[in-house]
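Look below for two forms of one protein chain, each set out as structure tokens: first structure 1, then structure 2.
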Structure 1
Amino acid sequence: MEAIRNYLETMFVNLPNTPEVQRAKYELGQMMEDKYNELIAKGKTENEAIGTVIAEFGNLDELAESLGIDSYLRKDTYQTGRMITMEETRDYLRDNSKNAFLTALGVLLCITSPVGTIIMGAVGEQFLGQSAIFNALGVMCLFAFIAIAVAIFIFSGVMMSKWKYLETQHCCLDFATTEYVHDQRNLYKTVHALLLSIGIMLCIFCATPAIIADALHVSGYFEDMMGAGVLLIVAVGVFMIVMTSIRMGGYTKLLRVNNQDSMGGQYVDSQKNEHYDNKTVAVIMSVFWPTVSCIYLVWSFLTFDWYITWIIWPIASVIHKLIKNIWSN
């Protein structure tokens, strides 16, 4: 019977989420269930019963008029979406994982690009008369890191360009594929939470080398090394945050192709996310948390008042909750 329910979901996945379509889906489901039970009572095997039910009720075009939804099957009244297959879904998730790693690596290289300059400058101070050479090597390292990062970004963008249709075309996932994406996302949630937590902690505690250097009153070579250490810790933390965010975003993006106005949206819990009718509020809230994170990091790095700057998070949470309660539907 589970196979019949899955088939029923696939039949209606593209149709609009209206009372008429919901009623038709319920009625057809009851007819299929009654027929299945009747065949089982007559001694048919489960596979035989499922095959007969699908053969008799599996063509929605033939049943549309009797169910009262024939107008919804006309392409001129409702746009049917491209069905994304299970194989395409697996390929997208693999490519998105690669894209997540490469993008995070590129960001890490951009953040650490000044490290070579700092280290070479510090080493050059130890070799009198050779500082110009070491400074030149440091600048070369900076440009090399940035060049490699740009190449990675370009390669990653080209690799993901074949999936642009997910944003430009009306697509949908069938019930079985949606369940697969749900399962994969749930399996990754623990890893996502761990990487996100460690990444945020590293960004928060990145000033530790500078604090230690200040407490020990070190200067010169070791002071420069501590400064480079700050950048390295930030880079690793941001690497984790970017990588896991992009990967988790891939699952969400796939689930959201089932539009909330279609029947397929009924079995996608991501459609229950907050929605704002006011376009201005929607735009603001789409960048709310990234903006808060940037403000927190900039404020913290400029002042080094880490014991105060954390207050931005509870304040931001209260503001977010107020906006959600007022404008979200």
Structure 2
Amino acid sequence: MEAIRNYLETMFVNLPNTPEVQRAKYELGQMMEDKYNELIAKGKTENEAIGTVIAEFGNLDELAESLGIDSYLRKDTYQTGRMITMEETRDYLRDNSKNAFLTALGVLLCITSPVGTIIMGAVGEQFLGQSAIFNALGVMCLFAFIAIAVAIFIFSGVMMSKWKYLETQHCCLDFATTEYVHDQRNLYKTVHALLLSIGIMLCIFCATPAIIADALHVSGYFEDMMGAGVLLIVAVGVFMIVMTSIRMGGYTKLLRVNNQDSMGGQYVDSQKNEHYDNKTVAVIMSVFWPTVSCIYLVWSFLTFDWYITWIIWPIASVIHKLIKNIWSN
């Protein structure tokens, strides 16, 4: 039965998502299901039953007129729209995971690059009383970290460049593949939430070592080490956030490949873009968040009332919700 469902979904994947098309798909699905069940009941094997049902399905061209999908069947979007195979999907997801790790590693190296300088400086001063040579070593450390990071960025950039077509070409995913990606994404969701929250927590608590150092009234060597600790904690936090965001982004990108207005587009719940019927509202909403950011920054920098300016965000969010509920379809 799964094979029949996949067949039907694939036949409909590029058709417009209209009530008529949905009904046709539903009705055809029911007829196929009835036929399949009866064939099985008559003692046919599953493969025979599937073969018969698919052979007797007919041709979607016959429905063109009654469904008003003439143009879709003629238009080249019906066949083209590069079909992404299961194999390619797996490859992409694997490359994307690698890319996520590498990019996050690069960012981590960039953030931690001053750590070498700090430690070398502190060590030099503490134990040898003269720090010139250690300072030099520290600076070399810094450049080495950055150089490695840049190399990593370039490498992962090249690795991902072969997947550019996902953005530049019209692609589509068949039903089985979409289901696979959807499942993978759901499996990953827990890990994503965990990594994201730990990452954010680390960023928030990054100052802890410095505060402890302050509380203990340590100074010199130990204080410097604590400074390095702050950077390390931030780096690990950011590493987690960047890695998991890129990985999650890969799933979402694949799921968004199918045209939203086609039958294939309805597999995804996450691609609900906002649509406003009213043109003016649509234009205003397209610059809503940038405008809010501008107001926030301008207000904050002009007054330096950072303690209160954050209030813009909750207010803006409420306004956004309100406008969405009133004008969005």
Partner chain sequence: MTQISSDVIRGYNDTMILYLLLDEPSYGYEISKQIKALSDEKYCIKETTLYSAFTRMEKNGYITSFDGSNPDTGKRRTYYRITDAGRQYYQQKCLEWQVTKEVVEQFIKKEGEL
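Structure 1 provides the reference sequence; residues are numbered from 1 along it. We call the rigid core whatever largest set of C-alpha positions still superposes within 1.5 Å between the two forms. The model shown is predicted, which means the values in this text are computed figures rather than measured ones.
Matching each structure to its source, the form predicted together with the partner chain turns out to be structure 2. Superposing the two forms on their core, we find that the Cα atom of residue 287 is displaced by 10.8 Å between structures 1 and 2.
In the core-aligned comparison between structures 1 and 2, the Cα atom of residue 56 sits 2.9 Å away from its counterpart.
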